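Only one chain comes next, encoded as structure tokens, the form predicted on its own.
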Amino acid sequence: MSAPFDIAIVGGGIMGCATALRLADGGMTAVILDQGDLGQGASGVNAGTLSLQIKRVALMPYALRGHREWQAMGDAVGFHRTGGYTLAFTADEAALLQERQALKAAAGAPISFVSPNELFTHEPHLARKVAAASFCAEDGYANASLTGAYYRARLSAAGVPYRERQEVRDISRTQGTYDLVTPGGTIRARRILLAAGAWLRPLASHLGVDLPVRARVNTVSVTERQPPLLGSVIGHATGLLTMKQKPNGTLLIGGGWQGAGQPQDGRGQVRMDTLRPNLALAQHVVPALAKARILRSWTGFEANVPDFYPLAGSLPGLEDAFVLGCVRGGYTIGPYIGKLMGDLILGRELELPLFDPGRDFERTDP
């Protein structure tokens, strides 16, 4: 029987891959197992928005460092630093925008407020009904569909094996080794990291741990190619809209509107009763979209827990078992929090604290 790996990582998204690279740099032998293809879960089907304006205040230090990670990846992940505007159209929305963005600016985000006239100078195709707007020069986006290709190249260069289409069907621990049963055989490892997003709860149940993980079914749409309409990332004060125009002219439209389905059933389904208001809000913000056709809409499963903060640390009651995932905005902070998790497992001092998976969960506003 071959020697066990130092660690088996279940989940080949951004967080799992970033952790594996950090561990390999620290001298550990790691293997990544994914039930599909690398980077094709939440890491590959989201809208790719990298906006500090939509991150929670307590996560701002992580988001700022995550932004730097994405910028360093550059063209390999389709990174674009465009700046971004968040818009309010009513007095209530303007008050909400002022309150939230002031807190985020105090937490370190370079967010300022701009007048409607200044906004329209830079984005002339926006509706003239804007009551207030904030701006962040660091906002931008990456191409989520490049996630898998990027990390395959990085893992191969680092000598980290990854095994795709290898669903973990059972996990047990005997004599200090974790045994992970997959269609390709049993993988043995001294440690284990669960980093499988919306599939974390059933995986942890193999180890007798009940994680309070739920799945959101976020919807994203893409238009046919349009003339230049947007030069920046655009958001709405409620968080119910994100938009950006890609170099090929298509517009990506998101905002967390919910589809249907469960992770264990495979892909989620788009719901017309939520797709229509998402697109209506996009048209309200950019009236020229009334003439645009939607080429495709799709969904992706996003994991979260009641307080909407990450699960990042040791699994309660288990030795050498860890979990990483579950946070809105995980695309932005993923590369950085993966490094932190690697440092934790390597026994290094952490630059920022992680988030105890065994904490008492109390929901707060997302």
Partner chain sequence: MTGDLDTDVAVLGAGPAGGNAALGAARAGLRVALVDEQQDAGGQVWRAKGKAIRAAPETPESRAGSQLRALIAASAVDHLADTRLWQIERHGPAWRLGLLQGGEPVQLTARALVVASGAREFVQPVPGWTTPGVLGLAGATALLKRDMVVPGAATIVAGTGPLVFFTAAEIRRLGGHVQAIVTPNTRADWMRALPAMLVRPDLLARGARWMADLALSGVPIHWGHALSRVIGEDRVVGAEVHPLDSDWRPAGPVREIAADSLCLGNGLVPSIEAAQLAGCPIRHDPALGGWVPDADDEGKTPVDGLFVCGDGAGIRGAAAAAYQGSLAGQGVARFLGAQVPGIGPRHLRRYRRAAAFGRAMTALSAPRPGLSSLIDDATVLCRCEGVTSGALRQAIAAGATSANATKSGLRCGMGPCGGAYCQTAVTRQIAVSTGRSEGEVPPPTARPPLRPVPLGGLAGDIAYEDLPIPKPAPL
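Positions refer to the first chain, counted from 1. Keep in mind that what you see is a predicted model, and the values were worked out from it rather than measured.
The discussion below concerns the form predicted together with the partner chain, not included here.
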Open item on the list: Counting only non-hydrogen atoms and a 4.5 Å threshold, tell me whether Ser134, Arg191 and Glu302 all contact the partner chain in the predicted complex.
Closed with: no
TODO: Mind telling me which stretch in 78-86, 236-244, 203-211, 120-128 gets its heavy atoms within 4.5 Å of the partner chain in the predicted complex?
DONE: 236-244
Task: the partner chain: the contacting residue among Gly261, Pro110, Pro277, Gly231 in the predicted complex [heavy atom, 4.5 Å] - done: Pro277
Open item on the list: Just to be sure I understand the contacts: of Val270, Ala215, Ile187, Val168, which is the one whose heavy atoms reach within 4.5 angstroms of the partner chain in the predicted complex?
Closed with: Val270
- [ ] Report yes if any heavy atom of Glu93 sits within 4.5 Å of a heavy atom of the partner chain in the predicted complex; otherwise report no.
- [x] yes
Open item on the list: Given that the partner chain is not shown alongside this chain, does His284 nevertheless sit within 4.5 Å of it in the predicted complex, heavy atom to heavy atom?
Closed with: yes
Open item on the list: Quick check on Phe322: any heavy atom within 4.5 Å of the partner chain in the predicted complex?
Closed with: no
Task: in the predicted complex, Tyr178 touching the partner chain (heavy atom, 4.5 Å) - done: no
Task: in the predicted complex, residues of 139-178 near the partner chain [heavy atom within 4.5 Å] - done: Ser145, Leu146, Arg152, Tyr162, Glu164, Arg165
